[in-house]
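This document opens with one chain alone, in structure tokens, the form predicted alone.
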């Protein structure tokens, strides 16, 4: 499978560096690039990539607003934040807007490629440093049952409710019930937030998520 990617970053050197790396990969096709939010939106609409690599701070439309627009318009595009910022407010704002991953520009090229592959397959990718940046009081890892933890791991790897149900020999409705309980216990609005908090508190490890 060839993954179509759009790259949006306002720093020419950064953009060229990532562009050069991605263009050398057989399973990646860079279908567009942009240096500001408005241009990025136009390219994303036109190309409908599998993955959009989006910087948080760009001229015009910022990265978070761009991700929110992609979600509101119902585009089937996985947004992966590629940024220098690991502060809590940026992380949570991105995930709540609909981003499927958050990776720092200090990550290795191999890690970037892995993140692209994971979000392209409907999984979630969170940089280790990002998980450590989030502080959410009042949660004890013991609140999740072993089954809930299992469901969360499978969901984080991109498994659908039907696939999870088949693997665990339970009904899809039971999977949905477990997910609702997980979100409630973690105080999360979606799968991405739930995984972020689970990583933060050691409920799951990044190594387990990426198996």
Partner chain sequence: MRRHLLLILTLLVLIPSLAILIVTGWGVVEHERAMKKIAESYVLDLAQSVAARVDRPRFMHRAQMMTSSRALDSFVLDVSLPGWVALVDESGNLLAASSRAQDVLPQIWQGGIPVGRTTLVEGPFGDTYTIAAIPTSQGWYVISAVSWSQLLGPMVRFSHLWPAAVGLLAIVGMCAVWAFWRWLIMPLLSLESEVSALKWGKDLPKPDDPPAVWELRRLRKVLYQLAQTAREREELRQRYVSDLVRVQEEERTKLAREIHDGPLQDVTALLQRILLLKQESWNERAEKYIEIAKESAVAAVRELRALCDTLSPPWLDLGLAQALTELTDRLARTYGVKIYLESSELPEVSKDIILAFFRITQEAINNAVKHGCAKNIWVKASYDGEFVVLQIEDDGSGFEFEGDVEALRVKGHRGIANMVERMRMIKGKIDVQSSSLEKGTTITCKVSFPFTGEETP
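What you are looking at is a predicted structure, and each value in this text was computed from that prediction instead of being measured. Positions refer to the first chain, counted from 1. By rigid core we mean the largest C-alpha set that fits within 1.5 Å across both forms.
Keep in mind that the form predicted together with the partner chain is missing from the display, and what follows is about it.
*Asks:* Which of these stretches, 45 to 53, 31 to 39, 145 to 153, 182 to 190, has heavy atoms within 4.5 Å of the partner chain in the model of the complex?
*Replies:* Every other range fails; the passing one is 182 to 190.
*Asks:* If the criterion is a non-hydrogen atom within 4.5 angstroms, does every one of 11, 90 and 93 touch the partner chain in the model of the complex?
*Replies:* The answer is yes: all three residues contact the partner (heavy atom, 4.5 Å cut-off).
*Asks:* Does residue 106 make contact with the partner chain in the model of the complex, using a 4.5 Å heavy atom cut-off?
*Replies:* Contact check for residue 106: yes, within 4.5 Å of the partner chain in the model of the complex.
*Asks:* Give a yes/no on whether residue 162 approaches the partner chain to within 4.5 Å in the model of the complex, heavy atoms considered.
*Replies:* Flag for residue 162 set to yes.
*Asks:* Classify residue 110 as contacting or not contacting the partner chain in the model of the complex by the rule of any non-hydrogen atom within 4.5 angstroms, answering yes or no.
*Replies:* Yes, residue 110 sits close enough to the partner chain in the model of the complex that at least one of its heavy atoms falls within 4.5 Å.
*Asks:* Though only this chain appears here, would residue 129 touch the partner chain in the model of the complex if you measure heavy atom gaps against 4.5 Å?
*Replies:* Yes.
*Asks:* Can you tell me which bits of 42 to 71 touch the partner chain in the model of the complex, meaning any heavy atom within 4.5 Å?
*Replies:* Contacting residue: only 57.
*Asks:* Please say whether, between this form and the one not shown, the C-alpha of residue 15 moves by 2 Å or more once the core is aligned.
*Replies:* After core superposition, the C-alpha of residue 15 moves less than 2 Å between this form and the one not shown.
*Asks:* After a core superposition, would you say residue 189 shifts its C-alpha by at least 2 Å between this form and the one not shown?
*Replies:* It does shift by 2 Å or more.
*Asks:* Would the C-alpha of residue 56 be classed as shifted by 2 Å or more between this form and the one not shown after rigid-core alignment?
*Replies:* After core superposition, the C-alpha of residue 56 moves less than 2 Å between this form and the one not shown.
*Asks:* Since the Cα-Cα distance for residue 164 and residue 121 shifts by 3 angstroms or more in the model of the complex, is it a contraction (closer) or an expansion (farther)?
*Replies:* Farther apart, which means the C-alphas of residue 164 and residue 121 are at least 3 Å more distant in the model of the complex.
*Asks:* Indicate closer or farther: the Cα atoms of residue 53 and residue 188, in the model of the complex, relative to the displayed form, with a change of 3 Å or more.
*Replies:* Compared with this form, residue 53 and residue 188 lie farther apart in the model of the complex.
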